[in-house]
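The chain that follows stands alone, in the form predicted on its own, written as structure tokens.
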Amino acid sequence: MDVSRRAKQIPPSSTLAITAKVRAMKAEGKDVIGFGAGEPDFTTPAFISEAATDALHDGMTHYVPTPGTPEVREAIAAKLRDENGIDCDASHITVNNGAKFTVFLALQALLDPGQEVILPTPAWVSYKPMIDLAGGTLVEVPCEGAQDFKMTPDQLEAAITPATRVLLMNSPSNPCGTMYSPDEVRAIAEVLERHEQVVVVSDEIYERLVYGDEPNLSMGSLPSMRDRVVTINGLSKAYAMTGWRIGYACAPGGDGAVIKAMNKLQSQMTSSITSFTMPAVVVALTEGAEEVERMRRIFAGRASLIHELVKQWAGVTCPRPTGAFYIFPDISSTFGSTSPGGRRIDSALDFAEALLDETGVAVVPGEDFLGPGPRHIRMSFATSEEQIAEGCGRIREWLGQLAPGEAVASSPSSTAH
């Protein structure tokens, strides 16, 4: 039985593939240190889980409204008003099956075939397939490590055309581990004020995990942008609830037209999220701040540690991680070399495969992150400081044993529409 062209053209997630391979190797008893997983290594705080189990035992096992219960939507709207400064109410909120699906729904609701989506790259591996599935045309804006992987206002201005419909932003960033400062967000908004047809889909799933000197600023909090921003968030990363699959969107513009469209699409796909998890959303948002801050402080310490260790790798450069739980080193200086096990390294994929097979350290190769990504690897520091120190030490030793060879040209950054 054959499958559709749509299914054939969409690649599997490379990040999930690495995570699955590490789990399989560990199950076989192999000594593996995984820097691939894009999820916290903490468990969900007990009081949040108890809210869900209480609801389950109380019989909350039936259908609930597609966009979420009124209590959940109001709790999310209150969070966005109080913490993010976004002028919204419960009617502007939809609750979905994870922030990933929320981004998918937003693009489906906004795009007609051929409309352009500007995406600063490197970018999370799932954005491009989502744009493709919505019939959109990807316009990359490659951002180098020297600029902390952040798009400049001039780059944005040059990328906008009459066909531009969406700017898809992710700050703090997966895979880069950097974030736009408040002034940088305002500068991007100033460009967009001249192009009223452009809607911003702002993926802020890592907004609570910030380690730099400046706070996160939500684009949707700016008065000039309020009606043109779809703010995406969820409970997965900050609350250690990845497996719960709880995401949400806020879009006040057009009398909530985008939210209504997303709800209509979701009603034909998944109906709603799991009913008995909804009380846990309210408890997390109203009582979880202390636990979120505890985990954030631990991640901040890990961010500092891994950056100091990566800086010790000969020939490798990397910006300081200021958000999320990733670091994105440029390992292109190794291209053309031969590994201790005799493998030729001409790409980030070659690097990652040889590293895993020869040292038991798993990283994600940067090819699928687009832009300058093919010169990089992504490392998640959602693991213990002991594992970070051991894994980075193995990599440093392995790099010291590479046999130099003839350098190869790194993949050029794509600027094509």
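So that there is no doubt, residue numbering starts at 1 and follows the sequence shown. This is a predicted model, so every value here is computed, not measured.
One more form of this protein, predicted in complex with a small molecule, exists but is not displayed; see below.
- Out of the listed residues I10, L16, M25, L402, L16 is the one that sits within 4.5 Å of the small molecule in the predicted complex by at least one heavy atom.
- Put simply, of F335, F299, W124, F104 only one has a heavy atom within 4.5 Å of the small molecule in the predicted complex, and it is W124.
- Considering the small molecule in the predicted complex, the lone stretch of 383-391, 345-353, 59-67, 33-41 in range is 33-41 [heavy atom distance within 4.5 Å].
- Contact annotation for the candidate site: K150, R208 and R320 all lie away from the small molecule in the predicted complex (no heavy atom within 4.5 Å).
- Proximity of K237 to the small molecule in the predicted complex: non-hydrogen atoms within 4.5 Å are present.
- Of the heavy atoms in Y180, none are within 4.5 Å of the small molecule in the predicted complex.
- For R378, a non-hydrogen atom is located within 4.5 Å of the small molecule in the predicted complex, even though that partner is not displayed.
- Among residues of the shown chain, N174 is one whose heavy atoms approach the small molecule to within 4.5 Å in the predicted complex.
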